[in-house]
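First, one chain by itself: the form predicted on its own, in C-alpha cells.
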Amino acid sequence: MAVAPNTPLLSRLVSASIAIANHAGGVIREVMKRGELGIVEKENARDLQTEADRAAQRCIISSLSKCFPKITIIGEEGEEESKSTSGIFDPASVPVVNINCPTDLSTLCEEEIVVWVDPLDGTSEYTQGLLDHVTVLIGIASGGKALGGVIHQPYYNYQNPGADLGRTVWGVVGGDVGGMAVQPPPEGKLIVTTTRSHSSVTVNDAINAVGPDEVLRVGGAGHKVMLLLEGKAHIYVFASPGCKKWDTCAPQAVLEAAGGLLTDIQGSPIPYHSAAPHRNSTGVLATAAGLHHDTYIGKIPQNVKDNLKA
C-alpha cells in the first residue's frame, strides 16, 4: 500500500519498522522451528548469540537501509551482520500503519536519524524456551533522544494453542502508542521488575531501597518495559552497566509515548546519538505512567549511584 504524499519521515520510518519487525519475528520463529540455533558466546557465557539473532539483524538492517539509505543504523550483532544484504523484506508489501507525527518532529531528515536495533532481546531466555521474554527492538532517535520505538513479541500467545502468534507495539514520543491498550499498574502495592540473570549486590541494594511488595525477575529490557505497559509492574530497576543502547532505545520511546519515563539510575537522560557509548554504564530506572519518577530516583542509595559512573 502506498504512503500518502508528504507523510513525515518519522511516520514512514515507524510504519516500515513495524512491518520489518513483524517479518523478523517470523525469521526468529523459523530458526527455533528448525532447531539449529547456532549458539555462540560473545563477551561471556551469559552473553549469547544465535542464528536467530544474526538472521533477524540481517533482515532488519538490510530492509531499513534499502528504504532509508541515509539513516545511521547500529545493531547489536556487529558490523559484519550490519553489512549483509540478505533477507531484505519490502515493507511496502503490507498495509501502511498511519502514525501520527508530532509537529515538532515532522521535518526530520534521514541524516538526522539514528536507529538502534536489538534483533532478539532476551537471547538467553530464547535458548532456554522462555519465549514470552523475547522481543525484537527497533528504536529511533534524533538529537540524542529516543523519539520512536517498535517492540515486537514474536511469541505473544504462544502458550495458547491455536492462537495467532506475535504482537507489535509501537510509540512516538509526544504522539501515540499502538498495538495494545496500555494498562495502569495495581494500586496499593509496588511491583518492581529487574534482571533475571545479571543480579549483584548493587542491583539488589537498589531494588530493596525502593521498598517493593513484589519483584519480577525476567529477561530482556523489552519484556520488562512491556510489563510496565501491561500494568504488571510499576518500576523497572537495573543498577548495573549490563545493558546497551539497543536494549533501551525502543522501549524508552514506547514507554514515554505512554506517559512513563526511562532514565539512568541517577535520573539523567540516556544519550542515543551515533557516537554515544553502546553500554548504559549508569544503569536504568523506568516508571509506568502516573508514577513520580524523581521520587524513586531519590530512593536509590548514593553508594549505588556512586558505583555506576559513566
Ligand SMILES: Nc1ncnc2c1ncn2[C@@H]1O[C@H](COP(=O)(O)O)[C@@H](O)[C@H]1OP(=O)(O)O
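Numbers for residues come from their place in the sequence shown, where the first is 1. The structure displayed is predicted, hence computed values, not measured ones.
What comes next is about the form predicted together with this ligand, which does not appear here.
Residue heavy atoms within 4.5 Å of this ligand in the predicted complex occur in exactly one stretch of 118-126, 147-155, 205-213, 103-111, and that stretch is 118-126.
When contacts are defined as a non-hydrogen atom within 4.5 Å, none of Pro186, His234 and Glu256 contacts this ligand in the predicted complex. Of the residues Asn98, Ser200, Ser197, Thr72, just one reaches this ligand in the predicted complex with a heavy atom at 4.5 Å or closer; this is Ser197. Contact with this ligand in the predicted complex, judged by any heavy atom within 4.5 Å, is made by just one of Ala141, Ala221, Ala239, Ile138: Ala221. This ligand is not shown here, and in the predicted complex it never comes within 4.5 Å of any heavy atom of Val27.
The shortest heavy atom separation between Ile61 and this ligand in the predicted complex exceeds 4.5 Å.
In the predicted complex, this ligand lies within 4.5 Å of some heavy atom of Cys243.
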